[in-house]
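Consider the single chain below, provided in structure tokens and representing the form predicted alone.
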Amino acid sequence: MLESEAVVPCCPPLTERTLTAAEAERTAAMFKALSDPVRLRLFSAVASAPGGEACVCDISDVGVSQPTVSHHLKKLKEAGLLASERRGTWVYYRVEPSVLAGMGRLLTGAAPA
């Protein structure tokens, strides 16, 4: 069972119209979460994992301690970028395809494929 639902970026392309205050807050939280190099590496590891999900046991080698990895994964979940599921003693993370598509659309203005 999912511990947290991933949230699709809420906003139209930046070139479409000015973002509302709420849209800007939501978007800023996502990009703030990704602005840390360790978080970006973890997000990339999950996004590029076979089958679209990764066990925390397989993505922890990012040059920081396990508690720090857990902290960074928590921040990515709080920003709506990752969803997780506990299976026994391990937690598996995944990036919803709609999150990546929505972020791409926000920046490029391109409609999702």
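The structure displayed is predicted, hence computed values, not measured ones. Numbers for residues come from their place in the sequence shown, where the first is 1.
This protein has a second form, the form predicted in complex with another copy of the chain, left out of what is shown; the following refers to that one.
Novice: Between the options Ala54, Ala79, Leu34, Ala83, which residue brings a heavy atom to within 4.5 Å of another copy of the chain in the predicted complex?
Specialist: Partner contact (heavy atom, 4.5 Å) among the options: Leu34.
Novice: Determine whether any heavy atom of Thr68 comes within 4.5 Å of a heavy atom of another copy of the chain in the predicted complex, and answer yes or no.
Specialist: No - in the predicted complex, heavy atoms of Thr68 and another copy of the chain never come within 4.5 Å of each other.
Novice: Find out whether any non-hydrogen atom of Thr15 is located within 4.5 angstroms of another copy of the chain in the predicted complex, and reply yes or no.
Specialist: Yes.
Novice: Tell me, yes or no, whether Val64 is in contact with another copy of the chain in the predicted complex, where a contact means a heavy atom of each within 4.5 Å.
Specialist: No - in the predicted complex, heavy atoms of Val64 and another copy of the chain never come within 4.5 Å of each other.
Novice: Is there a heavy atom of Arg41 no more than 4.5 Å from a heavy atom of another copy of the chain in the predicted complex?
Specialist: Residue-level check for Arg41: yes, a contact with another copy of the chain.
Novice: Which of the residues spanning 91-109 lie within 4.5 Å of another copy of the chain in the predicted complex, based on heavy atoms?
Specialist: In sequence order, Leu100, Ala101, Met103, Gly104, Leu107, Thr108 come within 4.5 Å of the partner.
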